[in-house]
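Here's a solo chain for you in structure tokens, the form predicted on its own.
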Amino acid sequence: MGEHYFASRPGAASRLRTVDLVLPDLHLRLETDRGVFSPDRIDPGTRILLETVPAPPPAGALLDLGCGYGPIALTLARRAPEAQVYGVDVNERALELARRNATAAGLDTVRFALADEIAPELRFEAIWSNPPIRIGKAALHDLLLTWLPRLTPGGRAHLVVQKHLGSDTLQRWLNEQGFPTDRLASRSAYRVLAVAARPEPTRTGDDTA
């Protein structure tokens, strides 16, 4: 069985290569390697996400959850140059590639880090993610329940998921967890889900008793 891209320290021998991310508003040449997600091309789900989501908030903190070698985070940074962009992943080889790609693109204010290196009090105006569905449903749910509550009031996450890997089931589950979720786009068996922050609880009466 091949090694999973969500290993923290991939054992596969390094074999560097480059891929091009070409969108109407940007062109990034990105270094990739064995042992990371989609090393041979920009994953179709990632491309569909980047081609369909609305523009990110122009300021504040933005998050790429499961950043890999950085295509989503660097697109966020290019589209919102005044924002502070973070990319998190468990794969240390991917994080190092993402840092190099950021520097090469002149976007080295983006911070790529392990999850526990991000301050727990930090809140995000937007989260974009091609989430690691293959880690399993329980682990995926834990991941989303860790990060989605960190959306600011009015914040929004955009997730891209293949239909046959459970996008419709995930949409229902997110709604059940209190995150209002709609399908933003559907293309080539992928769904782009727009996930709103949980509504603030309504306070009634006097809480000072």
Ligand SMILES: C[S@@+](CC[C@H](N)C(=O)[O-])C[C@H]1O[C@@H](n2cnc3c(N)ncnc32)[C@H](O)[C@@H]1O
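Please read these numbers as outputs of a predicted model, since none were measured by experiment. Numbers follow the displayed sequence, beginning with 1.
Not on display, but discussed next: the form predicted in complex with this ligand.
- A heavy atom within 4.5 Å of this ligand in the model of the complex is found for one listed residue only; from 48, 143, 28, 184, this is 143.
- Of the candidate stretches 151-159, 51-59, 66-74, 172-180, only 66-74 has residues whose heavy atoms lie within 4.5 Å of this ligand in the model of the complex.
- Interface residue remark: residue 91 is counted as part of the site for this ligand in the model of the complex, having a heavy atom within 4.5 Å.
- In the model of the complex, this ligand stays beyond 4.5 Å of every heavy atom belonging to residue 118.
- The closest non-hydrogen atom of residue 107 lies beyond 4.5 Å of this ligand in the model of the complex.
- Looking at residue 80, you'd find every heavy atom of it more than 4.5 angstroms from this ligand in the model of the complex.
- Within 4.5 angstroms of this ligand in the model of the complex, the stretch 119-138 places a non-hydrogen atom from each of 130, 131, 132, 135, taken in sequence order.
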